[in-house]
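The chain below stands alone and is given in structure tokens; this is the form predicted alone.
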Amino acid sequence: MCGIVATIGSRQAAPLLMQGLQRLEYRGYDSAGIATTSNNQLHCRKVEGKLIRLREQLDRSPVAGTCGIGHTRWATHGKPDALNAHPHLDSADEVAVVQNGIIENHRLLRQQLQQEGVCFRSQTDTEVVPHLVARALGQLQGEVAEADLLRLAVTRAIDQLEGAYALAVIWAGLPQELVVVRHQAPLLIGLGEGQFFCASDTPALAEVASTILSLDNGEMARLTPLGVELFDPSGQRTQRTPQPLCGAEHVADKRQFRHFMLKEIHEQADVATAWVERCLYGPPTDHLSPVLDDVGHVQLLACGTSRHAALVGAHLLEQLADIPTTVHYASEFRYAPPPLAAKTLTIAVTQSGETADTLAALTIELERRRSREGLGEPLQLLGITNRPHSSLGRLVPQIIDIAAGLETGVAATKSFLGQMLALYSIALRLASQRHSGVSASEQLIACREGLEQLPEQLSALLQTMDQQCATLAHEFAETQDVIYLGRGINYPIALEGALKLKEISYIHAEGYPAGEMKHGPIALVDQYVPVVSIATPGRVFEKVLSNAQEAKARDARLIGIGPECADTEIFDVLLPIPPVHELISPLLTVIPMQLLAYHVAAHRGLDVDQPRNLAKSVTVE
């Protein structure tokens, strides 16, 4: 979750570090700090709160040096204050470390170090690392060549660590050297002109690096002003060709919008347009044949918003393609995986491609499936992500890139739409295979026709809905609880609407299948609890209206999402969407959900793009 930036070369490090941290602030914003080395001295500055406070401190007290590390923190161990902010130093203030991840055995290591006389300054798990490195440096000095000293000291330190982590380490004793290592947490190396970089994510490298190297699990790198050396987990030098980095795709720009989230909501029409051109009118996706052929069952692994997209996909796969489908919380799957079944396609859904729980669940499934390859079963694994060059892309044989572009707002919006569209692609493909040799079903034809019209409908809906939701948001000034209702394929959208409101406005909200209201949740309903109900024409339309009436009979303020018709007059407020086929409706009903959550949070004066306690990429369990 935290953001790491590091650089070494001919230019002053501090301005480059601040530029990178600004682009990674969405990953962590509880506190921030940087450290540089020059003239065999270590210089460190760190603050609680937003990055602007660190910039102000650096203006008052600059740091020199062409080698440095930086960090934006999302707190796990220890309060979000300056003492717990990274970088963390050893007792002599000569070793500095930044980390993304969790050191699971830090308590035991802390106890051992304290017994040796080490005094800790923070509550974090990370602080054990600089002390371990410093101890190793003392043990190795005089035994190994100076050029290998820091790298081997870091190697000796990480041999004692358990957990998932990415580390960047500098030492005053070698002020022109930077060592980085990755173990089940993302870390990239960027190569620029006379300058080398390291970062947790590509936006930090945009406009400063032309090519990148993604560190493999267990790899370490030694960076100096002369270049980059890679080492495999056994300590042997290795080589790999860098990949080009297209900077424009990774630069965050709000354009004329007040917040990144609002801009990204409005970009969904563009995402849909690109998908239609690529998947409905583009060449066939033959590269997916190895994993999509002969599928008898599908299981989806995901967390949070990605799981809600997976639930929409499961409905499509079962109702459109007649394929039994299950959706698992990735965080639970790894501890209780279901029995293995033949012809099972496993799909991991994660916008960042770095979600720790999803990657861990997928790794377990990969190991289980590989044990059956010898029995002649193909390895049917697929990933859906907005970052094809992520850890997910290196783990599975096939990736669907949702190509939504950089999403800076922590609350996922356009990536959610992109994930749903990717699952529509899979469902359409499998449904077509099932209908091979006969005329396509009416549902399949209607679905394709509806998707062709989607970009135009989204564009029009975004223009009309924005102001309606902004006006409605004023009614939520004193609201403390909201209930969201949906049925069938729109039940996941009710869950997503509730999640968005919770994430950015801090209002308690829950999504329910509309038919479940009378089985308990209706006890919560009164005049102070608004009810948002998704009512789109289809097989459950009348049932949804009936469930909404039950809430209205208990004096609830009733907000409807659906097309304008006589039946929807029961709603106190209707947020209208165009009439569409029921199977297409989630791609439109989600828009009022996102805009309402956004405007409620903005009206409350909250930090929409960086809501409290949340981070964009959940890279720790």
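Nothing here was measured: the structure is a model prediction, and the numbers come from that model. Note that residue numbering begins at 1 and tracks the sequence as displayed.
The discussion below concerns the form predicted together with a small molecule, not included here.
None of Asn100, Asn490, Thr350, Thr72 but one reaches within 4.5 angstroms of the small molecule in the predicted bound form through a heavy atom, and that residue is Thr350. Site annotation in the predicted bound form: the residue of Gln419, Ser200, Thr126, Asn547 reaching within 4.5 Å of the small molecule with a heavy atom is Gln419.
Highlighted residues Val312, Ala314 and Glu582: none comes within 4.5 Å of the small molecule in the predicted bound form, counting any heavy atom. Taking the partner from elsewhere, Glu177 is found to have every heavy atom lying beyond 4.5 Å of the small molecule in the predicted bound form. Shown alone here, Ser331 lies farther than 4.5 Å from the small molecule in the predicted bound form, counting heavy atoms only. At least one heavy atom of Val410 is located within 4.5 Å of the small molecule in the predicted bound form. At a distance threshold of 4.5 angstroms between non-hydrogen atoms, Thr355 is in contact with the small molecule in the predicted bound form.
Of the stretches 410-418, 362-370, 526-534, 331-339, only 410-418 has residues with a heavy atom within 4.5 Å of the small molecule in the predicted bound form.
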